[in-house]
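What follows is a single chain, given as structure tokens, in the form predicted on its own.
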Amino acid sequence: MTSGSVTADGRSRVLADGNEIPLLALGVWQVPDGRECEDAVRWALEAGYRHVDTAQAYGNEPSVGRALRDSGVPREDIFITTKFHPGRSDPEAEAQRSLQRLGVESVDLYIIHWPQGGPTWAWDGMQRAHERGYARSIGISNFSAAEVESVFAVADMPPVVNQVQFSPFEFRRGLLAECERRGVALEAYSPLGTGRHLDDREVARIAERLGRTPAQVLIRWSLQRGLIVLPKSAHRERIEQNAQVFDFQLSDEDMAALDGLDQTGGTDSALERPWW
């Protein structure tokens, strides 16, 4: 199977480094450390998720680790992503701290959370974290097409993913095209627009016709583009519903209608305005 291709079951993708990543992940941004985060991860694993996405900046790595251990699901069956906080100085040292908080020997994916201080300074430390075995794959997040190009110019091991805000409403065609050209898998965070997109009339029309939830329609759109998608929820029913996206297809007409909701002009930037 070639890198960049989706597996036969439609649930995973082979990254450029040969590692396999599940397309559906639970994101735990803004889920407080403690019982709420542990419950969300536990419910997701019970619902069939096998990819959990956290970050040093989220402050909930210990809860993710406890939930993973308590789940009874073997460690090798779960894909764990965490992110380097670029306000800190050493990605390798911070990876070790993340592993301690998570209670694991390595993570499956370690990514620079945003390009604070410029896109390239942290990459050497990311590569060291990979060489030391702290992370099986390394990548980036919130990097524009130009910033992706900058990292490739200095990388011995290039990034295999770029995690960005992405949905039909933020359909960053230029950025997606550049990532695909370089063999970088795009990960879609905020696929539901932190809830904003669920009330859209076009999304609701498609969902009603298919007997699906608006969230399922939006998640399915990303999956049919071969993207890794990270819906966040701390509610059990929604976590379960968001996993039920592998047993239906959006038609070409539905996909085109959703594509038409883009508000970015098909940009190759990762954000309309940086927060750092």
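Just so it is clear, the model here is predicted, and its values are computed rather than measured. Heads up: residue numbers just count along the shown sequence, starting at 1.
Another form exists, predicted together with a small molecule; not displayed. Remarks below refer to it.
Verify the contact flag for L192: yes if a non-hydrogen atom of it lies within 4.5 Å of a non-hydrogen atom of the small molecule in the predicted complex, no if not.
Yes, L192 is a contact residue.
- Task: Spell out, yes or no, whether the shortest heavy atom distance between L230 and the small molecule in the predicted complex is within 4.5 Å.
- Result: Yes, L230 is a contact residue.
Exercise. How about S222: is it within 4.5 Å of the small molecule in the predicted complex, going by heavy atoms?
Worked result: No, S222 is distant from the partner.
Next on the checklist: Although the partner isn't part of this model, could you tell me whether N60 comes within 4.5 Å of the small molecule in the predicted complex, counting any heavy atom of the residue?
Outcome noted: N60 lies outside the contact set for the small molecule.
message: I need the one stretch from 131-139, 195-203, 87-95, 144-152 whose residues put non-hydrogen atoms within 4.5 angstroms of the small molecule in the predicted complex.
response: Contact criterion met by 195-203 only.
- request: Could you work out which of A44, A215, V245, V64 is the residue within 4.5 angstroms of the small molecule in the predicted complex, going by heavy atoms?
  value: Contact check passes for A215.
Q: Using heavy atoms only and a 4.5 Å cut-off, determine which of R69, H235, R209, R35 is in contact with the small molecule in the predicted complex.
A: Looking at R69, H235, R209, R35 one by one, just H235 meets the 4.5 Å heavy-atom criterion.
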